[in-house]
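Okay, here we've got a single chain as structure tokens, the form predicted on its own, with questions on binding and movement later.
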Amino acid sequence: MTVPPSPDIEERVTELLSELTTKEKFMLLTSHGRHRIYTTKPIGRVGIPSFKMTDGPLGAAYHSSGFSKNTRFPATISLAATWDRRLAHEVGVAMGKEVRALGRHMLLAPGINIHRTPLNGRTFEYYSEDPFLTKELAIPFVKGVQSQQVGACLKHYAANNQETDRRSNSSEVDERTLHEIYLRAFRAVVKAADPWAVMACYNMVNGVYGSENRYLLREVLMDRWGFKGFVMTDWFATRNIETTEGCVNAGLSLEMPWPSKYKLKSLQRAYSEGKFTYETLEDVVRRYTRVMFLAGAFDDRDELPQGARNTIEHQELARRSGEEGMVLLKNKGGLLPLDMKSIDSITLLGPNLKKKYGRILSGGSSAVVPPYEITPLDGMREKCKDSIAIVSDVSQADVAIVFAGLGHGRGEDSETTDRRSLSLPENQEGIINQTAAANRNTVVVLMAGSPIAMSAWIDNVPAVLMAWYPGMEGGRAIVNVLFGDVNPSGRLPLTFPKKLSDSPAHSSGIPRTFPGVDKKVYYDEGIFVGYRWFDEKGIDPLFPFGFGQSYTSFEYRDVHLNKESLKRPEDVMQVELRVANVGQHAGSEVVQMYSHDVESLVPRPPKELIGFEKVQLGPGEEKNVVVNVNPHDLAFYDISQHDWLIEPGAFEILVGRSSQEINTRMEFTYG
């Protein structure tokens, strides 16, 4: 449930609005002045200050924070791979503190769009292909940010799933798919975390641009979900929109970074011609000024949380979250973890060995420039010191490590462009295969923010570690995992296909579904996105959703339900089990819970994630684990009622280590 603002704030907002002229209210709807890219213009007559924002979601971005160097946290997809709600909250708190220390009022994060295509250039900025996992991590993140009296801004609302033609294309998506897949996480975060802002997308949704989409903004977000914050544009997103009143009536409170549709003359003309009402104007201004009060924009800075930047605690958190997000994809013969005592020499190769990612606008608006950045080479030198020799002769080394992957260049993981290929560049595949041919103990460490095809080389190497973009402490985090100081516990937040045509947006092989035809992208796959598609079509992925290996082994024991039926939507069922670490290393296991509607009125996926818990266990240790099952997570969107429906009847609960490694099936009834 969203939390209503305090009466005191509502009184302050009402008093302020009563003092404003109509022109001043118009002035609040945009930022006047070309130098004000991330701040709004103050109105001195009534003491309204600038409202200051900074880009995210990897931290406070360099270009939008006064060119300040700030803690660079791992990419959002890496945080999602931790499957750790508590860690997501910690990161949110830390980012909120950094933004607060900068004197800013809002972090333009998190990005919660669903991974529809593995080629999306901004996959690294988003959580998952699954709405449940997305909302379970975004909710604590938003709460963490806003605990510092800094606003969080959900983006990009909605169905913004590719960068190609993002400013002009239309996502053509049916009502059920729109709500069940692409709006579901937004809905959950709005209701549970009360975010202070939502950023409208560049693209159209079913022919209407996000910033003027009355159905999405006014009817769904505000009226149905009870959203109390304000809606802003993405930067320059209104350029192709025709009318001023379309945006006002839709509920758009803030056009950024400067006026296009919200020029004073345009607003005055539309208002005088009766194209939007006084009540509508009051609403969009009230929403925005309410958040200004919530964020302390009118308060003495000494009375606000002071915040903190680049602290040792934040740097350690960046390292720890990077470690927790790493996914061990392959470990044939137990090559990893590397043993310091049995290795005399090591070879380090690959284009990402010395690469630094924290550069201005590298990857787009999410770019954070940190005060320092530990590369893999830095981390390896620090670890090996005088104990292990770093040599250049691959054939003579005990172990060879290839640091491969992507960067933030055009056609890679970057805003404004989508990836050109699912595979690594040919020269990287060549390096991997040549190294593997010369040294059987070859480890591949992938630094990337989206899935990578591996058929050209994976059979030739015994070990593969997915490190994502692990942040400013990434080199140390990678080394700690490789040498076993940290047991990898990350799980994939999205499916890795063997080839691009296995993915739902690319299965047809024609541009209709990606990148689109005549500026329209057709979501023909419907609700079958990600693992839902692979399960429904019986396609074997390279690595399934939820997958990840460990240096130890776990067993599930005594799995059972605490009840056999649910009667009402507010009832909660618990799945109870014991998880045992039966290996030799301490480690964390992610217990995953999926549901299956045994007999449904509408097509439904073979399984849908409805719960998970992460548990840490020492060697030989065993713990009780309880996972709650909420009936609303069993619902589908019913187009006849235009609302969510929990269908009475039999359901299965599937318990396992990934979407494909299911250990236990149990049945219960609802209704």
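Worth saying up front: this structure is predicted, and the values here are computed from it rather than measured. Counting begins at 1, following the sequence as shown.
What comes next is about the form predicted together with a small molecule, which does not appear here.
Q: Evaluate Ile181 for contact with the small molecule in the predicted complex, applying a 4.5 angstroms cut-off between non-hydrogen atoms, and reply yes or no.
A: Contact with the small molecule, no.
Q: Using heavy atoms and a 4.5 Å limit, would one call Tyr637 a contact residue for the small molecule in the predicted complex?
A: No, no contact at 4.5 Å.
Q: Is the gap between Glu415 and the small molecule in the predicted complex 4.5 Å or less for some heavy atom pair?
A: So Glu415 counts as contacting the small molecule.
Q: Is Arg104 close enough to the small molecule in the predicted complex to count, meaning some heavy atom within 4.5 Å?
A: Outside the cut-off, so no.
Q: Taking 4.5 angstroms as the heavy atom distance cut-off, pick the stretch from 234 to 242, 571 to 579, 541 to 549, 493 to 501 that is near the small molecule in the predicted complex.
A: Selected stretch: 234 to 242.
Q: With the small molecule left out of view, choose which of Arg166, Arg476, His408, Arg532 has a non-hydrogen atom within 4.5 angstroms of it in the predicted complex.
A: Of the candidates Arg166, Arg476, His408, Arg532, Arg166 is the one lying within 4.5 Å of the small molecule in the predicted complex.
Q: Looking at Phe276, Tyr202, Trp457, Tyr288, which has any heavy atom no more than 4.5 Å from the small molecule in the predicted complex?
A: For this set of options, the contacting one is Tyr202.
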